[in-house]
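Two versions of one and the same chain are coming, encoded as structure tokens; call them structure 1 and structure 2.
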Structure 1
Amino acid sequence: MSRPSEGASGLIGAEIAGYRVERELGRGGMAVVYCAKDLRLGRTVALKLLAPEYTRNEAFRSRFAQESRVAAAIDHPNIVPVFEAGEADGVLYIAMCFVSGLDLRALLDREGPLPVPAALRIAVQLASALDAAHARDLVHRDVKPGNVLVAKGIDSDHPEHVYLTDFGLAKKSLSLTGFTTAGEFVGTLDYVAPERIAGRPVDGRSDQYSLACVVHETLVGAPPFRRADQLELLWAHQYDPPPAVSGERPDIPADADEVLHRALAKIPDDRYGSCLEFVMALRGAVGGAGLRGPAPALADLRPAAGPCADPGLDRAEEPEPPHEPPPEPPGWAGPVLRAPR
């Protein structure tokens, strides 16, 4: 095995545990995800590596090891399948299905708010994945656009296929975890439920709150609470009423506000019983908009053949799609503050 050097670009071309690293796909709080070639099976995989600065930190190591076990335990069409995980020469890795697509953060940055049917289709798939995790008594605890992968779907009735990923913070229901655990909040606070901020026990309804924040963002281009500093943002999650989506977007009826507000309730008992219940209520509230309708521009992506992507094809060998300027935001979109990943 060729030993990867520290630093992201130094890994390109390196061989780790039988995978050849080809290019970076993305990075979050504690890991970098690469497109890599499985040299035994000749297929393309997504190879997630714990960032070198955390490899000597026991809390991050055990969280990373737990992530692969949690994701592998849930067999669901909207959860990225894990192939294997381990440690090779001090590098902790997870090999998983390569999703040929964009994460929702990148998609929203590129497209702005999505058509209502597309936002609903994405929400239904996320809700289904989350309910499956909750049925196993697991709480994802990091539902945000950067942890949602959007691939092209199989046909015009299913234009997108969505995967929930990154179970790095997943915990058993009712665990008491606040801001004190190492690396709890390495990213954004835009999607965090009030009970987590208050250090109260969390369960699937905390994910429902985060999902509602994500759905809000897919509809209007920004999460419900935007504040100048982090403390104000934490305060807003705990005490401020969320804004009305219908006020920013006239094609959404006021009934949808009520649904979103219930999923964003400050007290978990006031939310829906499940994520799918929330999304189905939203679907009912938007009435005519339904699930059929235009898809976001995923035309430059190859359709996912079965789960994730056609493993025989390697996107790295394709020409880069032509760079197009982002579309003008529609009049109703309002000012959009972009949150960090």
Structure 2
Amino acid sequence: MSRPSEGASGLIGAEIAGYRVERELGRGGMAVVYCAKDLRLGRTVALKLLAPEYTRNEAFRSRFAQESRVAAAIDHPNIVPVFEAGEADGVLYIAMCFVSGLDLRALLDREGPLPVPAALRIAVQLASALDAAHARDLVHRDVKPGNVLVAKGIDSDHPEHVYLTDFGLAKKSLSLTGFTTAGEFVGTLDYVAPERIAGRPVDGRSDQYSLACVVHETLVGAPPFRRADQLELLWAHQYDPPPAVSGERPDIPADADEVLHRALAKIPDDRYGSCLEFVMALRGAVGGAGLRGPAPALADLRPAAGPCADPGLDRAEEPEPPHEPPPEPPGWAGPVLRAPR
């Protein structure tokens, strides 16, 4: 690893495992993600560097290597490709595809609830990605809007392409449950399955619960459980019934509530057999809302102008410059428009 330059970020200009760090994209509790140049192939990548305390943990390093190989082997169009993972001069790193677009967190913060067709298109792609991971015995454990990247699709019938990221973080190496040995919770509480809170072993059905929380938020603008503090939120996930989506969205039939309630069941055995089974049931329940909706041609929309997405990190929402009238959504997200209130 070449010596980093002095500056606001000490790693800018550093060379790590054949990647030159160019700028910071975002940071979280376990890692920092940089935009970097692959000096061997000349391509831009998202380079995630794990915090030093994880590098010093031998058990973590072993599981990190194993699960990074599994993640890199998943060839799925809705999972951010992992190019390489390893250790260089005591630094654990993951090099991933650099995706241009917004994450779903930023999109929901900007637009609020999505139209049903757009929410279902996103859900189908996420479900497919998760089922592919589960088939390889890999549980994501942190499905949330910030780990969903939404890029421009190929045409007006497929207006957005969704990527699920953060598979290379090897969360299973921390414990069988959602907690580290120090008792720190790994994941985001708004989307956490009850069995993880209770400290029970988890499988793909825990990801299905989190996916259902995300789908709920795309439909009504907030996750199913909204509480004043974290303890109340943890209690709600374990014991409170989820609210009815149809009560907040008149264009969604009550049948959809039953589907979401099953995916949000407190007991994993009561949920659907797979994530795609859940989303297909939801598509059937919404009936006339359908999977597809009218989508303006991308060629007629204003080009996208925004930063690339930051894979696998929570980040503060960037301040939105004042506009009169309020800003329009980015051109590539044309069909993902504000839903009826």
Ligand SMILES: Nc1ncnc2c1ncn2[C@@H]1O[C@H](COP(=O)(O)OP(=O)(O)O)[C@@H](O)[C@H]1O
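Residue numbering: sequential along structure 1, first residue numbered 1. Not measured: the values here are computed from a predicted model. We call the rigid core the largest set of C-alpha positions that still match within 1.5 Å between the two forms.
Structure 1 is taken from the form predicted in complex with the named molecule, while structure 2 is not. Positional change of Ala36 between the two structures reaches 2 Å or more at the C-alpha, relative to the superposed core. A displacement of 2 angstroms or greater separates the C-alpha positions of Thr55 between the two structures, with the rigid core held in common. On rigid-core superposition between the two structures, the C-alpha of Glu22 is found to move 3.7 angstrom.
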